[in-house]
Ligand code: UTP
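First, one chain by itself: the form predicted on its own, in structure tokens.
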């Protein structure tokens, strides 16, 4: 894109300020800025022009789960089927590791957080250890795709190399960078984070597959023979990855995707609940549920909307390829966005000052024809580290690690 083309594009959208410092830039910086402007979606600011409102939900209905009792009865057959799929290299794993550890007092990738007390053990290390249990059980390496962000990619890759991939075979580890989305002010103006760079942030966990495709890794998936991808979050220390029982259950039930869920601790627990929306699988957030839905129960007194997701999904690759060109809904999130002001000064706001745009993996579920809801034991598979203290903190995760006999 030339300077004149960029100016014309921005002028039409009322975003000419992005070229304010153009004459101060060197040739490399000018090229980077013009490239960014070429890729900008000028329709994004229109989403906040008249305020922000989430789309209305369709008709919701309960979706049951394969319960712990049912899984116990069929565990052997599920596991056998899952192990066969893993040994045939049909199962890959995708670690969503684009986040920073800022909220936990860590300057760097969240996965580099030291969760140990008596010894040094990192979040990445714990997750690789969980995956290694399956490798040892099946005798097969599971291709691991790690999604980073522009801000933490170099640190993440260097950390894995420095730690010798925590014992994992590097031939089966593939890094890719998450796509980014621009940030805007309350007035819908694109922010700049440097004189030659539009302010951007990762486009949400729903962007994982399109980011993998654009990184050229779908060819690697095909080359390896991978037919299913198990997507999981970086912050759950008890996360079971490529779990043969889970894999086998999804395969045996003939579903195109599966979701690990836990029974809600109480009706008002702040978790997304797997249900049906207009007849298709969907996840409804706790703040979208009415009191009637929250408290509705079946004849035995069990909550109808009872199963919360823990961000551990199994997707069929062929189905993902079919939907990859369909646009996921964009969620507008109010945030504190550092920016360059009119005087070229870097400003780090103390209060929210604009919006970021995110896609969410939960919206991918609604694009599936079906989804197996697979119940797991909360205390054995769900110990997220999101907060510095209190609920879902390092302290609570350590307590659950201790309960599960994990030394740290």
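Positions refer to the first chain, counted from 1. Everything numeric here is computed off the predicted structure, so don't read it as measured data. Note that the rigid core is defined as the largest set of C-alphas that superpose within 1.5 Å between two forms.
We do not show the form predicted together with uridine 5'-triphosphate (UTP), though everything after this point is about it.
Visitor: Thinking of 98, 103 and 202 as the candidate spot, does uridine 5'-triphosphate (UTP) come within 4.5 Å of a heavy atom on all of them in the predicted bound form?
Guide: Every residue of the candidate spot has a heavy atom within 4.5 Å of uridine 5'-triphosphate (UTP) in the predicted bound form.
Visitor: Using a 4.5 Å heavy atom cut-off, indicate which stretch of 228-236, 301-309, 288-296, 114-122 touches uridine 5'-triphosphate (UTP) in the predicted bound form.
Guide: Heavy-atom contact with the partner occurs in 228-236.
Visitor: Taking 4.5 Å between heavy atoms as the contact cutoff, choose which of 280, 268, 335, 197 touches uridine 5'-triphosphate (UTP) in the predicted bound form.
Guide: Spelling it out, the residue with a heavy atom inside the cut-off is 335.
Visitor: If you check 274, 147, 91, 249 against uridine 5'-triphosphate (UTP) in the predicted bound form, which one has a heavy atom within 4.5 Å?
Guide: The residue from 274, 147, 91, 249 that makes the contact is 147.
Visitor: Does uridine 5'-triphosphate (UTP) come within 4.5 Å of any heavy atom of residue 178 in the predicted bound form?
Guide: So residue 178 counts as contacting uridine 5'-triphosphate (UTP).
Visitor: Is it the case that residue 240, even though its partner is missing from this view, gets within 4.5 Å of uridine 5'-triphosphate (UTP) in the predicted bound form, heavy atoms only?
Guide: Outside the cut-off, so no.
Visitor: Taking uridine 5'-triphosphate (UTP) as it sits in the predicted bound form, is residue 375 near enough to touch it, meaning that at least one heavy atom pair lies within 4.5 angstroms?
Guide: Although uridine 5'-triphosphate (UTP) is absent here, residue 375 would stay clear of it in the predicted bound form, with no heavy atoms inside 4.5 Å.
Visitor: Hey, in the predicted bound form, is residue 386 touching uridine 5'-triphosphate (UTP), heavy atoms inside 4.5 Å?
Guide: Residue-level check for residue 386: yes, a contact with uridine 5'-triphosphate (UTP).
Visitor: Is residue 334 one of the residues whose Cα moves 2 Å or more between the shown form and the other one, with the core superposed?
Guide: After core superposition, the C-alpha of residue 334 moves 2 Å or more between the shown form and the other one.
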